[in-house]
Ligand code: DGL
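Below, in structure tokens: the form predicted alone, a single chain.
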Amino acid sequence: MFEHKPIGIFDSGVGGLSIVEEVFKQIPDADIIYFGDTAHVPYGPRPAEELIRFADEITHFLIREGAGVIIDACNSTSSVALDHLQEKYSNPIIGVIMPGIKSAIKLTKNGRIGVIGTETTIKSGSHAKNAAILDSDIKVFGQACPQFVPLVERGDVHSKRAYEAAEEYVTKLMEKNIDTLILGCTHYPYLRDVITAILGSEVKIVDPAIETVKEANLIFNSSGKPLQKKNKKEIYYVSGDPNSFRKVGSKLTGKLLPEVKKVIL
């Protein structure tokens, strides 16, 4: 009953657009309903109880708007709220933690995986817990990157300041002899150039968006029936300034976003 319905995607801000871009690649016929909680960004420093409430309100809104599969594109809420959402709602709700770990385990050679994320994501230990489920020999090392989300929310992804922040955070993980790095926040793919400049070519980078959208695609196309549609819909909602979101989102994706609407939940 959820296949071929619009895919609902939510994040604290523009970061979830990296998931939207992957949906466009893997599921080109999908309609999108996106919610960016820009009035409350960044999520990283907020307590778990507050994030669970935000995620619940947003999920309820997306389902009310007609979404089928829901992608929690925020690692912070995926870390603390996913179980609550999956228990409360009948819609398939996919987080981004386990898909990232699965990809990293496939790639690592020495079993030492680094994760960069928000304070909430790293503090939760979700990546290490999920890795232990799949392979108890895997070592996961986390590094919180509090400057990253504000940089991306401003579209400031290639500046000296972005490079210096990447150097500060990533160097600490390189000291752990990691050979694989998970971008543990959907904002971070937009900083991939500066992160790669610090890492070099030896360490593989994992963007969980690819595996996350693969899971969504299995549900979206589960009926096997082709879609009969002429125009794909993209609907964007935010809780903060819609003009700022549209401007920064268009800059990051290289594509002019359609109208963005403000909604107070």
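So that there is no doubt, residue numbering starts at 1 and follows the sequence shown. Since we're looking at a predicted model, the values are computed, not measured.
Beyond the structure shown, there is the form predicted in complex with ligand DGL, which is absent from this document and is the topic of what follows.
- Under a 4.5 angstroms non-hydrogen atom cutoff, ligand DGL in the predicted bound form lacks residue 126 among its neighbouring residues.
- In the predicted bound form, ligand DGL stays beyond 4.5 Å of every heavy atom belonging to residue 71.
- Interface membership of residue 220, defined by any non-hydrogen atom within 4.5 Å of ligand DGL in the predicted bound form, is ruled out.
- Although the partner is absent here, residue 62 sits far enough away that none of its heavy atoms falls within 4.5 Å of ligand DGL in the predicted bound form.
- Of the candidate stretches 21 to 29, 250 to 258, 8 to 16, 237 to 245, only 8 to 16 contains residues with a heavy atom within 4.5 Å of ligand DGL in the predicted bound form.
- Counting a residue when any of its non-hydrogen atoms is within 4.5 Å of ligand DGL in the predicted bound form, the hits in 26 to 46 run 41, 42, 43, 44.
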